[in-house]
Ligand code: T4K
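Presented as structure tokens, the chain that follows is alone, the form predicted on its own.
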Amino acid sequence: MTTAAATTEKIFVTKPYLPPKEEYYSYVDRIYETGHLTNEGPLVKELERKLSDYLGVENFQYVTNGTIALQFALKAFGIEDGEIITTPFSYVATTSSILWERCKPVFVDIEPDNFTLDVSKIESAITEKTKAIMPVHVFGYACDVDGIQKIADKYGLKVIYDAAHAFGSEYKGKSLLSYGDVSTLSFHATKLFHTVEGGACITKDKEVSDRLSLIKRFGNIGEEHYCPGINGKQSEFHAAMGLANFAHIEEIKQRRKTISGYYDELLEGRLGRPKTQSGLEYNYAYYPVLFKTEEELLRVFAALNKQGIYPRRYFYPSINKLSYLDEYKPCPVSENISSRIACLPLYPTLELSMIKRICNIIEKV
């Protein structure tokens, strides 16, 4: 019988992938050779080119993190007040980016199949103050991009996708990041692809990309100052980690797919799962499961925690319930899902034997 004492390593919901040291050091050597540490150095530019080609997108701006990427997108369109329609089912950074730009988040509930913004509820939330829609490709699943774009075109709104989870996901034959006016990425250490910290803005519009580039570089070119920018540039050391990880993207994705498939096999019929849309090539960024009740979730968590295993209630709570918001707007689907959902451990070095152990504990509870 397995006991807590037998656990030699704590198993968290995720664990950053680290490339072989010598591969990272080879890029560090280049930094020492050039002496170029930041300010759009050669490794940053190389990483931007490689990721742009890999993802099949244009106008790729590498920035310091995924949250500031959302703020830059709002800033690039001159959105400094007004209302932004968004989802209550996301990490708090989505809403925080709106609040930091002095805008008001207007929450629209989610649909229950894959937890993305419910398009049927968007139009009723639009007012004369609405400036943009900020949906989230939750867990790497696709929003109804066609429905959202149709509404945005009808009302003259910008669409800014929080695509922090969507790296490598494709929809209808092209990158999920290619939809909307701007898509933003996170390269935080816990993501499928990471640069320790980092993020990106992607846009089809070269003029918008130029504005984003200006904003992240203090708003100046040479000695000329064009706008009140900020320091959103990334360092060569972060880019070095990204370049070292880049060589392993496919093996990382394949391993995550294998692990997810093993979870599917062992948990079939026991827990709820998001529905994958037709036309989506999934990236296996997370393994979310839905329990019947919050009480059941808490019992499973207690049993797993005793064995040194730590899944995560992600996302919890539903953001519309945050205490510091001006008002509470009910979002019953999001509130219900957020009380029952969890992400199980998923990362490339996770052993299949541990997955079996996790599933056995869940089944017993």
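Position 1 is the first residue in the sequence shown; the rest follow in order. If you're wondering where the values come from, they're calculated on a predicted model, not measured in any experiment.
One more form of this protein, predicted together with the ligand, exists but is not displayed; see below.
Q: Which one, Arg312, Lys321, Arg30, Arg340, lies within 4.5 Å of the ligand in the predicted complex by heavy atoms?
A: If I apply the 4.5 Å criterion carefully, the residue I get is Arg312.
Q: Tell me, out of His165, Arg256, Arg211, His238, which residue has a non-hydrogen atom within 4.5 angstroms of the ligand in the predicted complex.
A: For this set of options, the contacting one is His165.
Q: Considering non-hydrogen atoms and a 4.5 Å limit, does the ligand approach Thr190 in the predicted complex?
A: Judged by the heavy-atom cut-off of 4.5 Å, Thr190 is in contact with the ligand in the predicted complex.
Q: Hey, in the predicted complex, is Gly242 touching the ligand, heavy atoms inside 4.5 Å?
A: Gly242: no contact with the ligand in the predicted complex.
Q: Does any part of Val136 reach within 4.5 Å of the ligand in the predicted complex? Heavy atoms only, please.
A: So Val136 counts as contacting the ligand.
Q: Would Tyr141 count as touching the ligand in the predicted complex under a 4.5 Å heavy atom rule?
A: Flag for Tyr141 set to no.
Q: Have a look at 119-127, 180-188, 223-231, 274-282 and name the one stretch with heavy atoms inside 4.5 Å of the ligand in the predicted complex.
A: In the other structure, the partner sits against 180-188.
Q: Does any residue in 90-127 get within 4.5 Å of the ligand in the predicted complex, counting heavy atoms only, and if so which ones?
A: Residues within 4.5 Å: Ser90, Tyr91, Ala93, Thr94.
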